[in-house]
Ligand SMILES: Cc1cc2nc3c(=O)[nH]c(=O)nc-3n(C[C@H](O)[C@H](O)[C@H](O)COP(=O)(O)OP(=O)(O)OC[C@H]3O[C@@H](n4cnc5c(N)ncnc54)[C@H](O)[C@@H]3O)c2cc1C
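For reference, the chain that follows is the form predicted alone, supplied as structure tokens.
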Amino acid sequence: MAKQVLIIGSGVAGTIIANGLCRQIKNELASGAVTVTMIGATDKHMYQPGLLYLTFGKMRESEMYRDQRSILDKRVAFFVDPAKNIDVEAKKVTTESGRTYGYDYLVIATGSRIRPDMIPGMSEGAHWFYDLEGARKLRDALNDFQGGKVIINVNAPHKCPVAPVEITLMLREFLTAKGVMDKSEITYTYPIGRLHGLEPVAHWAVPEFQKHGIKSETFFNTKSVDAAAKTITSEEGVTLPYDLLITIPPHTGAQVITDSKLGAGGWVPTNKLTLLREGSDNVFIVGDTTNIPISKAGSTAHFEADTVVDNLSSLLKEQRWSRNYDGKVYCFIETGMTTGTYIMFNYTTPPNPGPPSHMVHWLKLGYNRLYWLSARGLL
């Protein structure tokens, strides 16, 4: 009987795994010894980092989307049928249509979702750029903005950890070019006692913010937003007025994870080296779905996916383990409209952001175009 590999989630992690696995086990697929099936929530694939550029009118929506089927290997059976329940004991997944999928190996790549509804008043009083509708609304608000107090409010947990720093520095240049920065004030809030969760990034950000006159308020854990009064209040008792509130909403994992009792908050307990669900030897967890204390970012998902591909193919072909994940992450950081830097780190080597340069910015723009090769597992 054929070995069944089932992938839940059609984002970057699940897509790279499906495509990479098909290349590595082509003989097993051809003979019918292995099948690869993916179930997702949509037939479209979005380049999520593009939302930041869309906000500033630097990317069109059409550039951010492809048909999911068009970037998947033809040997992958793909169904738009979101998972409703995952039973790891019975090795089966039930979908919203009522169909049941069995598996020998399961990959859970269900991602994360924004939850502005978790903070009273946030949905009504704040803008964000973490989904398409939010990015569209924020783009319109920025075009109409004529100066005033801007709050960049960061909540945890959230994906793409450097994005709050990016939008803060990009916004300053945007307002300067628009001619309203001299009538504006930007304040950045963060829930812990520094500007970023990664200490080296926080230390790097301090002089960057100071150089550009960006204010900050740390130990700011958001309690509520008053849309009528245009104020945001922290659990620590600090209330800040705003004319424009840009928030990074808190995130949770997918509802199916919570409903299936696989992890609090939708995050699955995951071995940080093997990427196996704790207590399982055939269930891999990748991307934002893990509870690993490392960046929830596209590059994290990519490097995790590469590890899973190598291990799944070795298990299917040779019944052995290939290699562990070393925590590798590589993130570009836009430091304005024409400059950028980057961080690269793993479990043992901390990040070390360098001075912003035009070259790194152009490298980032180049990667934006190459993303679709990355999703196909070719980069």
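In this text, residue numbers run from 1 along the sequence as written. In this text the structure is predicted, and so the values were computed from the model without any measurement.
Beyond what is shown, the protein has a form predicted together with this ligand; the following relates to that form.
Only one segment in the set 268 to 276, 69 to 77, 174 to 182, 109 to 117 has any non-hydrogen atom within 4.5 angstroms of this ligand in the model of the complex, and it is 109 to 117. Listed residues Ile343, Leu312, Val36, Leu51 were compared with this ligand in the model of the complex; Leu51 is the one with a heavy atom within 4.5 Å. Taking a 4.5 Å heavy atom cutoff to this ligand in the model of the complex, the contact residue among Val225, Ala297, Leu195, Val150 is Ala297. Proximity of Pro82 to this ligand in the model of the complex falls within the 4.5 Å heavy atom cutoff. Though the partner is left out of this view, His361 does not reach within 4.5 Å of this ligand in the model of the complex, counting heavy atoms only.
Contact between Ala375 and this ligand in the model of the complex is not found at the 4.5 Å heavy atom cutoff.
Contact check for Gly40: a non-hydrogen atom falls within 4.5 Å of this ligand in the model of the complex. Shown here without this ligand, the chain has only Cys331 in 315 to 348 lying with a heavy atom within 4.5 Å of that partner in the model of the complex.
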